[in-house]
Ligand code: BDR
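The form predicted alone is given below as one chain in structure tokens.
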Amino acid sequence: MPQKIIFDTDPGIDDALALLLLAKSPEIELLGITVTHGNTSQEKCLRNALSLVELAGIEGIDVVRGATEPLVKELSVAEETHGDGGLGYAKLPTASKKANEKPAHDFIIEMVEKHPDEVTILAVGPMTNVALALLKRPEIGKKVRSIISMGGAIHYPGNATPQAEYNVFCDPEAFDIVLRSGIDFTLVPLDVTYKCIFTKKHLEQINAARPEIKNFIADSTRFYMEFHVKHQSIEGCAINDPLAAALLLDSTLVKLEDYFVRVDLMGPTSKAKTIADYYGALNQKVNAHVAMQVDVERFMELFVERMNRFQ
């Protein structure tokens, strides 16, 4: 039976690739897409999500308007990484589909209560929507099956500050609330996602996809690759969010380690750093399964194969 999934996202180039992966994955049942701020403004992220749903041919689900700003800190966007519109050089038609204007956190509550113990939340942006749902209805934490989150950096350098990963940096207080909720939590940090580098070779292997899909992937990732080579000396681009999505299809792609994880909310130079108690020094109960190793080749083969299903 397919897993019931809420996709919480801030499209975003790699978010878009993750959505394409979900669209060609019969292993999951997509209940809805909740859209937050992050890689660009919430308004642009919402517009992108609606257009991507039509590009991917996804039908029968709600795209839900979410949080426009973090719980505490000022809004951050990453348009230098994802482009002014959030999708690099790719341009998609304005969608005919309209957003569900119900607040995303209410949609999350509704779906979890409708399907208790069955819903996995795949969160690949700032955690604001999920935190708001838990703040409004704390008891739903006991009804969520699990959360898979692309976020954090354990041993790897941050990509927002020297120590903080961008999704956590955007709303560290929200991420902290979710980590403390007791929900079964899988973290997919930069330690593994930055090993998954999408290159021109992989693009060439997406040779069976219909032209509008391949053109979108080419145009969006070209901007992403330019950023990576200029600012991080990486040839290609890290496809962070698709790796988190791929765990829904094959959890053996990564090796998970169980840690107590917290978010630094105070440090002047380390705020939003995700800290894993690697040796159990804090004597705290484990609250996260953390991906620390990844089978890169097998993941990239899976991603390319699923993109070639768009025929």
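Don't overthink the numbering: it's just position in the shown sequence, from 1. Note that the coordinates shown come from a computational prediction; the quantities given were computed from them, not determined experimentally.
From this point on, the text means the form predicted together with the named molecule, which you will not see here.
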Notebook entry, point to check: Counting only non-hydrogen atoms, which stretch in 95 to 103, 213 to 221, 196 to 204, 161 to 169 is within 4.5 Å of the named molecule in the model of the complex?
Noted result: 161 to 169
Checklist line | All of V124, M150 and N240 within 4.5 Å of the named molecule in the model of the complex, heavy atom check | finding: yes
Check: Just one of A209, L132, L190, M111 has a heavy atom within 4.5 Å of the named molecule in the model of the complex. Which one?
Finding: L190
Check: Does the named molecule get within 4.5 angstroms of any non-hydrogen atom of T36 in the model of the complex?
Finding: no
Next item on the list: Using the arrangement in the model of the complex, list in sequence order the residues of 12 to 44 with any heavy atom within 4.5 angstroms of the named molecule.
Entry: D14, D15, N39
